[in-house]
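In the block that follows, a single chain appears as structure tokens, in the form predicted alone.
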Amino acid sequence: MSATVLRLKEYKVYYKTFTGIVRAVDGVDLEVRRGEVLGIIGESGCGKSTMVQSLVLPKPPMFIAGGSAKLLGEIDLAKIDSNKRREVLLKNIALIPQYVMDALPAIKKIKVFIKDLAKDKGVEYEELVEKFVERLKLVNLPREVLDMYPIQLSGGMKQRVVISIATLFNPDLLIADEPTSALDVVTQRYVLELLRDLVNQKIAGSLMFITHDIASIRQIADRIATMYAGKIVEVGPLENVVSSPLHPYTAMLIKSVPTVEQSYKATRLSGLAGSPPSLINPPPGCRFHPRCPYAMDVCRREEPPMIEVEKGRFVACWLYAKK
């Protein structure tokens, strides 16, 4: 069994708009290893949600513009047709969507949704119901949820129902796109622990956790990848990246978030000046250079290569590439 569940190589996802082509994901190289939680962080609009949604169900005006996305070393999600994509969904790859409140059809009871899913996947309804009930127990929900409409569920309950559905077939890769953004703090903590347990118990082979919240990612991830303006700019083990970030953007993200160690009087939070660039006409060279306090002439002219600074730590920055 391959140690790599997903490998993206020069992966590109664009949008067709009236004003031009939006290069939302523009040449990403990244891998997700079996048994790990890979956290993807970055500001809103950096392309992280587009990247993972394109793996599951790319819809116009989104289109895959190039590169490859190899699942289990053989299924190229960038090139498969709609029939093959339906086959791998839930069984090999599953998504917990960003807007979980709208993920379930409001006019259908949960059991009707499960019935439709059983028909789509060619499995017996009774068999899938029993498996779903097992998943409900795992997330501390009663069997009675089957006879409820989504509108009868709280936000946290909906989130747990969606997680139960997404893991029904023990996917090789589970993707959680901003899964805690609409939840209260207590429920957020519960969902984070639950997602981590799903990987530990091998219910999900690996997890991609998408967020802009550094605090959440510190609780769940094994490795972190930082994304900026459609590019991956840093990848490394959680503790290394958080304690000594290499890329200036990663460092500024971390400094902008309060931690329990900080005293308000002793340490002022520092914001990130400026705004992300247009992805229709991104700046030449390093896309972060207009906001970077360390920008050099080469940063404005040439895109930095992704280099391995030390084992397992990668960064795309001329501060390191020049060395």
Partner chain sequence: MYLAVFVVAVTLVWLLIRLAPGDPALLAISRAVMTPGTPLSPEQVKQLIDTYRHKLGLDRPWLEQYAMFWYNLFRGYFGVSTMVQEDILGTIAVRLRNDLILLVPAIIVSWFLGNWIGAMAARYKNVDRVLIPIIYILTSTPYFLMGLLLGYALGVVYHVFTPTMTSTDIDAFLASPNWSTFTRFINTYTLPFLSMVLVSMGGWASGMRTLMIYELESNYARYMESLGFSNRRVAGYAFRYAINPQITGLGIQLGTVIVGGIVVSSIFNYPGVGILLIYAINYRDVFLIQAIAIVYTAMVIVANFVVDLIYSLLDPRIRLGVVGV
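Every value quoted in this text rests on a predicted model; they were computed, and no experiment measured them. Numbering follows the first chain given and starts at 1.
Here the subject shifts to the form predicted together with the partner chain, a form of this protein not shown in this document.
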Of Val112, Val123, Leu72, Ala251, the one that lies within 4.5 Å of the partner chain in the predicted bound form (heavy atoms):
Val112
Looking at Gly156, Pro97, Pro171, Pro245, which has any heavy atom no more than 4.5 Å from the partner chain in the predicted bound form?
Pro97
Within 4.5 Å of the partner chain in the predicted bound form, heavy atom basis, the matching stretch of 137-145, 160-168, 192-200, 231-239 is 160-168
Could you tell me if Leu89 has a non-hydrogen atom within 4.5 Å of the partner chain in the predicted bound form?
yes
The partner chain contact at Lys108 in the predicted bound form, heavy atom, 4.5 Å
yes
Distance check, Glu130 to the partner chain in the predicted bound form, heavy atom within 4.5 Å
no
Proximity of Ile80 to the partner chain in the predicted bound form, heavy atoms at 4.5 Å
no
Suppose contact means a heavy atom within 4.5 Å; in the predicted bound form, does that hold for all of Leu57, Asp116 and Gln152 with the partner chain?
yes
